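Take a look at this one chain, the form predicted on its own, written out in structure tokens.
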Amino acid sequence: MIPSMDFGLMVPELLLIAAGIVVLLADAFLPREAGKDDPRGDVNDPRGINLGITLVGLLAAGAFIAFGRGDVTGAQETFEGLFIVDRFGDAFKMVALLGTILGVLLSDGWLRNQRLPTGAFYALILFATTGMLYLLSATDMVMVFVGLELMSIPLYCLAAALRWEDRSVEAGVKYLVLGSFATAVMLMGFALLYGFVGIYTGEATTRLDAVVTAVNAASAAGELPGFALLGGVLAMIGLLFKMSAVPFHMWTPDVYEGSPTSITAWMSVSVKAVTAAVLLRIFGGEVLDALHLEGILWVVAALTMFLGNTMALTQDNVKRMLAYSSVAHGGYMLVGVLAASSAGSAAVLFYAAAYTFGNMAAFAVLIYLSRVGYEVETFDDLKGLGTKMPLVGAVMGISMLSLMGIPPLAGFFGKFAIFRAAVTEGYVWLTVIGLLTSAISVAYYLRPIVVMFMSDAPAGTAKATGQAWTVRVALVAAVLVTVGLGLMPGGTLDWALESAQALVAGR
């Protein structure tokens, strides 16, 4: 029997794959200008063309999701149910695509500064984003694995893009080894769940809906075997690794510090948003309770919020501080995953959007400063730059205030939605822990603001290494959306709730 194949539902993913292939072909065949060779790459590759193709592919994929689907009121499946299109997945796809667009804009200036060729770099970003989109539409355990690997393998390569620097190579190798191990753990969990479904129902299938139905039925009848519970734990561990959740977070600061700054910014937001959505799709609803994972996820969320914030408090390196703070933000998303109601799922979506733009704004400042001669490693490197460049300092200040959850910025309404959903579902003590750890974050998020505006500027005058309009566009866009989501959160929250209801209705 030939399976139904509606490629029309995969247009965004196919557009990204096509853009990645075209970028590689352009990089290989377009003529290059004569210029001085550089051991790190040919600075005269077709940069503008590669950047344009990449942005057109991303914008076209986003435009199709926003305007080309028509009125998607219910779920549409293809490939015998391996791939699903619904408003929940499309909403997270838009967040992932917007984060990727900002990441590409930030990468352009960095690539020019490092004199690196752009073709393979942009192609890897496009292929990783394709994996994210497939993950968000996966309704089968095999499809989850394929999407996860399509996302992860390019990220391993991008983390080691500075191949002549030891810490970048270390970041790529560490991410590869630990990421592969986490994927193997997840696959073992899927294998156990597959075996359980086959034994319990007599039907061998890897469909997630069949797993959910079998687990709920067996749990209600008191017939859920121990190996099925172990399978659920192992599957969740593999996904928690991608979320940088405690105790699977130790790779995060080293990988984030060693990776290119633009890739660190992109990984810290898009990967977390996508993984949170996958956790909601697989473990949302009654599945957590049926597999007796609710208590485990409660503890993981609490530890992630606490350790992420306390470790960020002790950092002097700015990127490591942002890396540990990203661990904490993953913990807040896990609170929404634990709530798993329509309000909880919507809160995770809104929080993912708020965190994406707020964090991207912070990294955009670091990249902008590096382009004008200020290489920021520690907090001391930020001294006085707020008074010397007040607009850049204002962007960093807005970003930090949003990430710590100060009204009326987007981060405040994201945390408010998460905690309100958690209290509604009875997770009062977890909400208290979340509020207390948010108070801890005030100390380290205020530090860049204090250093930039209340310390003397460094001696000497830095010289710009070139103009980067792409960095400026990313900087302005990220901060405007951060402020806009905070001043007018109602429409976005309503959109998030409508998208989340599509997931809940399909359970």
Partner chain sequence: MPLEHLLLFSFLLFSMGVAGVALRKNLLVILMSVELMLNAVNLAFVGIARLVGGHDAHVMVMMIYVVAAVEVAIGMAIVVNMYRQKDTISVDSFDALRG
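Values in this document were obtained by computation on a predicted structure and should not be read as measured data. Residue numbers count along the first chain shown, from 1.
Not on display, but discussed next: the form predicted together with the partner chain.
*Could you spot which one of Met188, Ala75, Ala394, Leu303 gets a heavy atom to within 4.5 Å of the partner chain in the model of the complex?*
None of the other options qualify; the answer is Met188.
*Which one of Val423, Ile406, Leu313, Leu230 is close to the partner chain in the model of the complex, taking close to mean a heavy atom within 4.5 Å?*
Going through each option in turn, the one that passes is Leu230.
*asked:* Under a 4.5 Å heavy atom criterion, is Ala204 part of the interface with the partner chain in the model of the complex?
replied: Output for Ala204 is yes: heavy atoms within 4.5 Å of the partner chain.
*Does the partner chain come within 4.5 Å of any heavy atom of Ser180 in the model of the complex?*
Yes, Ser180 lies within 4.5 Å of the partner chain in the model of the complex.
*Answer with yes or no whether Ile199 is in contact with the partner chain in the model of the complex, where contact means some heavy atom within 4.5 Å.*
Contact check for Ile199: yes, within 4.5 Å of the partner chain in the model of the complex.
*asked:* Given that the partner chain is not shown alongside this chain, does Phe145 nevertheless sit within 4.5 Å of it in the model of the complex, heavy atom to heavy atom?
replied: Judged by the heavy-atom cut-off of 4.5 Å, Phe145 is in contact with the partner chain in the model of the complex.
*Going by heavy atoms within 4.5 Å, which of 427 to 435, 336 to 344, 251 to 259, 413 to 421 lines up against the partner chain in the model of the complex?*
Partner-contacting stretch among the options: 251 to 259.
*Even though the chain is shown alone, can you say which residues of 141 to 157 have a heavy atom within 4.5 Å of the partner chain in the model of the complex?*
Counting only heavy atoms within 4.5 Å of the partner chain in the model of the complex, the contacting residues of 141 to 157 are Met141, Val142, Phe145, Val146, Glu149, Ile153, Tyr156, Cys157.
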